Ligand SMILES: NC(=O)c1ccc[n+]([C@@H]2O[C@H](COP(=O)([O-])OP(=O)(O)OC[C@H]3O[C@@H](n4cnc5c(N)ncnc54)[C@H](OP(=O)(O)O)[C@@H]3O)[C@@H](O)[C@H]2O)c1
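The data below hold one chain only, encoded as structure tokens and taken in the form predicted alone.
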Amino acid sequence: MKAVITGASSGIGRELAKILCGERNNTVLGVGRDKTRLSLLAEELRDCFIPVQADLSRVEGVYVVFKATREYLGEVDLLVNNAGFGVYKKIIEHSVEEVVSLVNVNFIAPLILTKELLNLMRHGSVVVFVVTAGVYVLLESLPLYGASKVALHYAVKALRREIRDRGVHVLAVYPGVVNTEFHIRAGYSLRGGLDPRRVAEEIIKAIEKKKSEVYIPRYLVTAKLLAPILPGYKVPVKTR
């Protein structure tokens, strides 16, 4: 299997790369902004892992990934749009640069990258979008992040229908709060949260079963049913 994973230098993406590289005949092209971390992961996973440094907050970064994929893989069996970015601020407190970068990483980059890599995908390939179960509530702590993920959630449903005839399967992943450096980079420490390894393992199972959606933990599927009456949600954090 030839796979492309964005946000591969830490969290869910890193764990996905490690799982896939633990199996025979897999090659993972891992995308991230941190060159040092990518290099360390490449040393750990050896020939299975191809590190690609790219900044997906800029459209140019998407084409860095596309060109590297075409050069090193030639074709793609699995694309995991995992990279994500959020800031603990009210919408009106975000700078213009933060708004543009956040929307690019969470919404625009996954769609453009999928669109460009479709020409390298064979029948039976899978595209994964890591969304968030937070699309069903108002994320009061991360409102702009939530808005960008709602947009992705909507687009994924349309995209699934559009590329069905190509034989490309689309999986949308809706995890709860995951204990990754996402929160640390925003200036907060998370209280609890899901183990990223567990999330990665559930994603792999969903890919193998060709599911269209997966909620992690599974009980979060109730959020989809109760969305009209659910209140806003504040991510449980504490200042450092």
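Numbering starts at 1 and follows the sequence shown. Since the structure is predicted, the reported quantities are computational estimates derived from the model, not experimental observations.
One more form of this protein should be noted, the form predicted in complex with the ligand, which is absent from this view; the next part is about it.
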Counting only non-hydrogen atoms, the one stretch of 160 to 168, 91 to 99, 142 to 150, 114 to 122 within 4.5 angstroms of the ligand in the predicted complex is 142 to 150
For A172, is any heavy atom within 4.5 Å of the ligand in the predicted complex, or not? no
Given that the ligand is not shown alongside this chain, does V28 nevertheless sit within 4.5 Å of it in the predicted complex, heavy atom to heavy atom? no
May I ask you to state whether C48 is within 4.5 Å of the ligand in the predicted complex, using heavy atom distances? no
Considering non-hydrogen atoms and a 4.5 Å limit, does the ligand approach V177 in the predicted complex? yes
Checked 99 to 135 against the ligand in the predicted complex; residues with a heavy atom within 4.5 Å, sequence order, are V105, V130, V131, T132
